[in-house]
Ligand SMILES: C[S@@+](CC[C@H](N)C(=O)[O-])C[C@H]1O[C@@H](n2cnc3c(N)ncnc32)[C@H](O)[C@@H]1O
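Heads up, the chain below is alone and in the form predicted on its own; it's given as structure tokens.
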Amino acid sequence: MSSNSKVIKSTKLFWNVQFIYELVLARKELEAFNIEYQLNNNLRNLEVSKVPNADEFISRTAYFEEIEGIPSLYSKITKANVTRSLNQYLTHWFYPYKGKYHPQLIRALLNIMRIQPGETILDSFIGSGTTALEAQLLGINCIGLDISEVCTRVTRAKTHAFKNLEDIENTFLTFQNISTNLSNSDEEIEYIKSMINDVQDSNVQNFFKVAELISHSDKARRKKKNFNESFLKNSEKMLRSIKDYEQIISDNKLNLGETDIKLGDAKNLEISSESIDGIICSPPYSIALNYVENDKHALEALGYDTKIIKEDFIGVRGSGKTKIDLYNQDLILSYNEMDRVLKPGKLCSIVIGNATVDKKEVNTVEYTIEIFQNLGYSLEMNVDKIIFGLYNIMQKENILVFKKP
């Protein structure tokens, strides 16, 4: 036992840990830190002993609110929440992206995979940027890419905007002074968009572009009629979140990981072979959830013709059996690229589920396991996870962890 080791009588799980898969991941997290433990009768408090590095565990844990009365860093971070939803703390809430996974899950997987600060992980389906933000908070570098510019813009705003806090504050005041005197005509909406495009700094411009995209979503999904009012409210709320992020960094002296967010194709990664220390991703459920149609309002606001770009999205092109065949072919190409860039002996986590199309289940989980085993990987973990919010198309997904030989 090292000099930093000590006996801890008990740990306390977060109050909102309520599903079996979360308890499984919490126990896996303890095991990843070589912590000996036993469950008590209520399953929420664990009796713990032999902690090789208690300080590291307190700073990294995802599922434990406190350790012998000492609050975990995660318990402090999650309090920085400007929304009414759980686990939308800091910048996680930016843009209402459907089908995203839980930030607590990603933080736990980074621990379970034993990814260390300074190492680099890949998420080749970055989506709303959950992996990138959680890695950044833990000092882990992240390469993230997506075929959708909506995703790359949102992820960059989540992970880069705090660096330009003062410039964003000043630019917001300019927008506030001008927007309050505007009506809600289409011409003046275009005027706001042109003002955003005129912002010189790319990070500052992207921050307000994402606020604009959220406002398009408000108009399309929530039927909010006043675009300018929505834009100002979203900008102000986002600004509060990046102020919270800057404060969390300062108060806790965090050494953040670097994020490299790219617009790109998971089937053709522009990344050197055997250069990645770990992979966490969730391939698109496009055969169950049409991401192009779902984000049509935002993609069109960025100047895309959704009828054309849908041919680039995995699982969207084709119809019927052809659609499923193309989806499976694209998965193989994506998985082969993951295999190429991952270092030998490292881990790859895939969060994926079986969809039902035309009343027939598409066995994507089993297909994924088969592909990786054919590549020589061993299946280290397979955990069932309940899904909510995908219109009952999918009831569960699986958390798969593979090890490269």
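Here the structure is a predicted model, which means the values were calculated and not measured. Start at 1 with the first residue shown and count on from there.
What comes next is about the form predicted together with the named molecule, which is not displayed.
query: Has each of I196, Q205 and S235 got a heavy atom lying within 4.5 angstroms of the named molecule in the predicted complex?
result: Not a single residue of the candidate spot has a heavy atom within 4.5 Å of the named molecule in the predicted complex.
- prompt: Though the named molecule is not shown, can you say which of Y304, F313, F227, F175 has a heavy atom within 4.5 Å of it in the predicted complex?
  reply: Checking each option against the named molecule in the predicted complex, the one that comes within 4.5 Å is F313.
query: Among the candidate residues D244, E119, D265, D218, which is the single one with a non-hydrogen atom no more than 4.5 Å from the named molecule in the predicted complex?
result: The option sitting close enough to the partner is D265.
message: Quick check on Y74: any heavy atom within 4.5 Å of the named molecule in the predicted complex?
response: No, Y74 stays farther than 4.5 Å from the named molecule in the predicted complex.
task: Find out whether any non-hydrogen atom of P283 is located within 4.5 angstroms of the named molecule in the predicted complex, and reply yes or no.
output: Answer yes; at least one heavy atom of P283 falls within 4.5 Å of the named molecule in the predicted complex.
- prompt: Is I126 close to the named molecule in the predicted complex, meaning a heavy atom pair under 4.5 Å apart or at it?
  reply: I126: contacts the named molecule in the predicted complex.
message: Can you tell me whether T130 touches the named molecule? I mean in the predicted complex, with a 4.5 angstroms heavy atom cut-off.
response: The answer is yes: T130 has a heavy atom within 4.5 Å of the named molecule.
Proximity to the named molecule in the predicted complex (heavy atom, within 4.5 Å), stretch among 208-216, 98-106, 79-87, 319-327: Contact-bearing stretch, as computed: 98-106.
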